[in-house]
Structures are given as structure tokens and as C-alpha cells.
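A single chain, nothing else alongside it, follows as C-alpha cells in the form predicted alone.
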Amino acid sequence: MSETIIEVNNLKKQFKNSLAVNNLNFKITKGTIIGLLGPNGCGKTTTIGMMLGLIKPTSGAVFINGQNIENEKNRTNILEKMNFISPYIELPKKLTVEENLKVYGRMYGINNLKEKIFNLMKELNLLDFKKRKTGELSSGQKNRVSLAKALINDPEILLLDEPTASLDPDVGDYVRTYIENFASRKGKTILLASHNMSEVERLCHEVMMMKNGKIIDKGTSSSLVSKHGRKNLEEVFLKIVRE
């Protein structure tokens, strides 16, 4: 029987006069990669923020392994098993690549941290600029450093908000391949928010389509394409956004 690792119940977030997330309900099974698609401003990033305990819901709850993320007693234990990437949150610019990874590794209390950092930098081709300040790196280099940061604690759950945004095709493909291998090799659970439809079709077992703070459809990429009578997931996305 499939094990539910993430459960979102009646999740709602109101910002003054704006309803960012409107009564979301979904479950994510352990070891799956789930895509969260929707136009800018539909509530994807706010949803991820609430799943990380960074944003307090107006109502509703997020359960990770059956524990409520809003419960202070549970939160530390939950977050130790999670990590994330977001283009809206930069790493400290004046620290080097290696220093950034040391800081985050110590925050998570990682054993054999030096070896862990070396292995991540080697796998993600970061060794050549490990002594450079993060603020001096290209977008692609920064992205790989952020990915290394997100993997420093070998998380059970990885929340990815536009992990390949603004990357050239070669670097984007490299990052996608790494994520794909990481998930399949270690049986990790990933929620991927993205505007890259080919990325979602390639990586995700199931897709949730979000609009105006609600999930309005979900299924595999192929089932959504068939259901909406379109040629590919991008056409499905455009149809739903424009309705």
C-alpha cells in the first residue's frame, strides 16, 4: 500500500484583500515526483511556503508524515527531513560556495560535513569555483549551489520552486538529470513547481494544475493531454489558464 508522506487539508491563505490560496486539498505519496503547475500569482510559492512552515496559513493544515507543520514541537523534526530551492531566496552573496555549504551543513548538524560537501561539489561540478563568492557566480552556477544546499541534509522531501528558471538548455538539462537520478536512486519525494512543461512531463509521476489559488485538475501528463484533447501538456496549460 502506498504511504502518504504529505497531506494538505483545506489550506487557505488570505493576504489583506487577496486570497492567495483557496481551500487546497491534496496528498503526495512517498517516493513520487509531483508537478504543481499554474500561472504566476496562482499561489504555488505561497503553498510551498506554508508547507515549509515559513508562512502561517489563515486556515487549514499541512501534515508531513502525519505531523502538523504548525505544531512547534514537531517542526524541528519535520524540517530536518526537508529542504527546498526557490529563485526568490538567494544564498548569502559574500560567502564563498564552500562557506555557504558549511553554514547550512552545520545548521542541519550533518556528520562528516567536509566529505559531504566535497562529494556534492564534485557531483554538481562546483569544485572549480568553490572559493568564489556566491554573489559573483553566473545564474547557472548559483542554481547548482542552491541545489547542493538543498541536498546537504539528504532530505526525504524536496520542494522545488522553479529549479531551472533562467538557465540555458545545457545547464537546465544537467540539473533535471541530477534531480531525476537523485529521486530514483534514493526514493525521495519531490514537489516540483515549474513553468517548464517538458521538464514536468519528463520528471513528474502526476501533475496538479493550479489557478486562482485552487487545484482545478490533476492526473498524469498523458491523461491530462487526453482529457483536454490537446497535443501536449503546454497546450493543456494554456487552455486552462485562458478559460
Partner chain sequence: MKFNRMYALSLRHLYLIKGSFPRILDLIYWPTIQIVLWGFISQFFTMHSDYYNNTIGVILSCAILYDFLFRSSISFNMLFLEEIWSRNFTNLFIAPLKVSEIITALTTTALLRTLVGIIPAILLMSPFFGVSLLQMGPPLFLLFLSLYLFGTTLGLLVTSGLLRFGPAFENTAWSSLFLLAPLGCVYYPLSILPEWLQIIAKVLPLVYIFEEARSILINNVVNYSNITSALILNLVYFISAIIIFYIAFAGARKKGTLINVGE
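All of these numbers come straight from a predicted model, not from anything done at the bench. Numbering follows the first chain given and starts at 1.
Missing here is the form predicted together with its partner chain; even so, the following discussion is about that form.
Mapping the unseen interface onto this chain, Lys149 counts among the residues with a heavy atom inside 4.5 Å of its partner chain in the model of the complex.
Contact check for Gly135: no non-hydrogen atom falls within 4.5 Å of its partner chain in the model of the complex.
Within this chain, Arg106 lines the site of its partner chain in the model of the complex, having a heavy atom no more than 4.5 Å away. Of the heavy atoms in Lys56, some are within 4.5 Å of its partner chain in the model of the complex. Proximity to its partner chain in the model of the complex, taken as a non-hydrogen atom within 4.5 angstroms, holds for one residue of Glu156, Glu123, Asp173, Glu99, which is Glu99. In summary, among the residues Asp128, Glu90, Asp168, Glu115, the only one with a non-hydrogen atom within 4.5 Å of its partner chain in the model of the complex is Glu90. Residue heavy atoms within 4.5 Å of its partner chain in the model of the complex occur in exactly one stretch of 26-34, 188-196, 202-210, 48-56, and that stretch is 48-56. Although its partner chain is omitted here, in the model of the complex none of Thr164, Tyr178 and Ser223 has a heavy atom within 4.5 Å of it.
Contact annotation for 9-48: residues with any non-hydrogen atom within 4.5 angstroms of its partner chain in the model of the complex are Lys13, Phe15, Thr45, listed in sequence order.
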